[in-house]
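Just one chain follows, in the form predicted alone, and it is written as structure tokens.
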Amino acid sequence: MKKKLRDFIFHELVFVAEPDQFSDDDDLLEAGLDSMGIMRLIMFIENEYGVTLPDTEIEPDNVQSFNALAHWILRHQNG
């Protein structure tokens, strides 16, 4: 899951010089993920994983890192 997220984010939304050095806990918002990018990311996740991520849960804690994103997705896949 995280590999697909990383590929999408680093190819479509955020430029980092060395994506391999970006850890699963590094801050995606500080790296340049903005509100438009978050919306594109949510559409990607919903299409890719067949989940619905509620608008009320779009907050930094859920989109700040790859680990946070994976946890958010898993909560809705199992719920």
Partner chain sequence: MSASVNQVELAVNNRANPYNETHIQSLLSAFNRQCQTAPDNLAFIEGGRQFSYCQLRQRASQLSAGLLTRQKPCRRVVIAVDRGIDAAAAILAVLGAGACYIPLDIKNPAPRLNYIINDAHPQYIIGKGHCPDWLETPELWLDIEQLDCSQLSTCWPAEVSSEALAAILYTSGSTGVPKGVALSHRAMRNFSGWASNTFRISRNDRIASLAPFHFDLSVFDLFSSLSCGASVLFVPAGLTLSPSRLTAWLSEQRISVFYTVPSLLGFIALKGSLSSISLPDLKTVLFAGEVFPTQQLKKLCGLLPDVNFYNLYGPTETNVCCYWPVDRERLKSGQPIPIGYPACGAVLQIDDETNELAVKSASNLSGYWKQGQLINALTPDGYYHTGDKVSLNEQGEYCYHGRLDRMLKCSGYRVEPAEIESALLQCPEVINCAVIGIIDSACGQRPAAAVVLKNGAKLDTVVKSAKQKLPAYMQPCKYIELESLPYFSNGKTDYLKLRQQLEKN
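Quick caveat: nothing in here was measured; it's all calculated off a predicted structure. Residue numbers count along the first chain shown, from 1.
What follows is about the form predicted together with the partner chain, which we do not show.
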Triple contact flag 38, 46 and 55 to the partner chain in the predicted complex, non-hydrogen atom at 4.5 angstroms:
yes
Residue 18 within 4.5 Å of the partner chain in the predicted complex, heavy atoms
yes
Might residue 68 be said to contact the partner chain in the predicted complex, defining contact as any heavy atom within 4.5 Å?
no
Answer for residue 27 alone: is it within 4.5 Å of the partner chain in the predicted complex, judged on heavy atom distances?
no
